[in-house]
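Take a look at this single chain, the form predicted on its own, given in structure tokens.
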């Protein structure tokens, strides 16, 4: 019998698609591999913030639809490349609760240095409650903020579950206000920062692929940001 080269995981499996210049996350994905990312489809989507249980060996399944990236969380794990057309695996097994900063450790383009993420290690029961909450639809599924979001084309790139917004180009924003940061770790999550990023994302994160919306009136930007700020 051949010896196992990789220890068995006794915790959850989380799929991560590294994309210029952010991290697409899915908890509990169990479907057949997708055509583009080669990762299991389905599951509970999120972005740029990975929650994992302490005392368990969580397995991350990594791939990319564009170029080679590399996920590195220095405090709790070594580096692992995310390679187009392949699935690589990285195990995380934190023993203490905490928030650990991660980065892309392989040059991937202009905004490489701003491609960050947070790994949040919590007791297992808190992890389970978090994933269940993430699976729920948006907290606010109507109103002028959503209308502004849709009429200005944001729904073409972003999903907000429970609303007509079902784009798949950028991060899922269903619970964006519950994340610590926006723009893949670039800014703390506040309404002011959301307005600034929507208005001129290239000024904050040069090389980001999101278009600027500086042509919108300030009132329109505020409507969108205030609504996104309600999506915990």
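Positions refer to the first chain, counted from 1. Keep in mind it's a predicted model, so treat the numbers as computed, not measured.
Beyond the structure shown, there is the form predicted together with ligand HEC, which is absent from this document and is the topic of what follows.
Might residue 153 be said to contact ligand HEC in the predicted bound form, defining contact as any heavy atom within 4.5 Å? Yes, residue 153 is a contact residue.
Is there a heavy atom of residue 129 lying 4.5 Å or less from a heavy atom of ligand HEC in the predicted bound form? The answer is no: residue 129 has no heavy atom within 4.5 Å of ligand HEC.
Could you confirm whether residue 170 comes within 4.5 Å of ligand HEC in the predicted bound form, counting heavy atoms only? Residue 170 belongs to the contact set for ligand HEC.
Report yes if any heavy atom of residue 197 sits within 4.5 Å of a heavy atom of ligand HEC in the predicted bound form; otherwise report no. Contact check for residue 197: yes, within 4.5 Å of ligand HEC in the predicted bound form.
On the criterion of a non-hydrogen atom at 4.5 angstroms or closer, are 158, 208 and 211 all touching ligand HEC in the predicted bound form? So, yes: the whole triplet contacts ligand HEC.
Partner contacts for 43-60, taking ligand HEC in the predicted bound form and a 4.5 Å heavy atom cut-off: The stretch 43-60, when checked against ligand HEC in the predicted bound form, contributes only 48 at the 4.5 Å heavy-atom cut-off.
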